[in-house]
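The form predicted on its own is given below as one chain in structure tokens.
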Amino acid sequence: MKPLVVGNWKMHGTESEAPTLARQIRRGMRALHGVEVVLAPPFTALTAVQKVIKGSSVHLAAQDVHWEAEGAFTGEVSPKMLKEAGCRFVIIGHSERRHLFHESDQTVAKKMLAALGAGLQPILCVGETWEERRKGETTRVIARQLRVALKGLGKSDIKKIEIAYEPVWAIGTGRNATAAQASAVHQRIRGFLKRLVGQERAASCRILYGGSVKPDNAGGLSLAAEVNGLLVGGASLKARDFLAIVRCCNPISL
């Protein structure tokens, strides 16, 4: 399967600033054909970035979504609004949403259903805290997150979902998961999917690694077993760094 690299810009980049970065990335992608790239700017910059990447191999994602199509939900953004803005993907259940804004597994599940119903491709994030890993609870925590998030979905929906393993303890902490640690968890995720939907459908789902991904560790992570791409945070804010990470995942350049 073609590797997927997602640049999550988080709360960086105004409507006037974001197109410059998007333009630099689009230009750099002209020579990279073996990897799929997605950019996730803030809500206010979605339309501006879409204008820059339209017609290119770069796709647009939102960083979050509400589970209702419309209604009295001040400050929220619906799936159909994201579709109209040009989004193909949406990040759901990012650790910062779960831990800073207290999103529950059940909230994540509702967002998954809504996104798929609107024709968006969810990038479902799962991961454990340092305390959970220290106690040996990584597998239990991730299995619970997956089980709740995927409950109620049809087996064919798995083909429309990307999963990102992002250990909370490796995001903005200075700690880095090794390629071996990432691979071990990715293999458990693949095993969970096989038990849930069967080997053929499970094999079509890309599992990304996210957690302090940088140019200097992207190569090793991208080559690890069952790592089908990367979810990049801070390093996606500099075109040179982000494109270096993309090149690490581009099989044509290896």
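These numbers come from a predicted model, not from an experiment. So that there is no doubt, residue numbering starts at 1 and follows the sequence shown.
The same protein also has a form predicted together with a small molecule, omitted here; what follows describes it.
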The listed residue (A170, L150, A114, I161) that reaches within 4.5 Å of the small molecule in the predicted bound form by any heavy atom is A170
Though only this chain appears here, would P19 touch the small molecule in the predicted bound form if you measure heavy atom gaps against 4.5 Å?
-> no
Might E128 be said to contact the small molecule in the predicted bound form, defining contact as any heavy atom within 4.5 Å?
-> no
Considering only heavy atoms, tell me if G13 and the small molecule come within 4.5 Å of each other in the predicted bound form.
-> no
Is V232 close enough to the small molecule in the predicted bound form to count, meaning some heavy atom within 4.5 Å?
-> yes
Just one of 93 to 101, 180 to 188, 131 to 139, 72 to 80 has residues with a heavy atom within 4.5 Å of the small molecule in the predicted bound form, so point it out.
-> 93 to 101
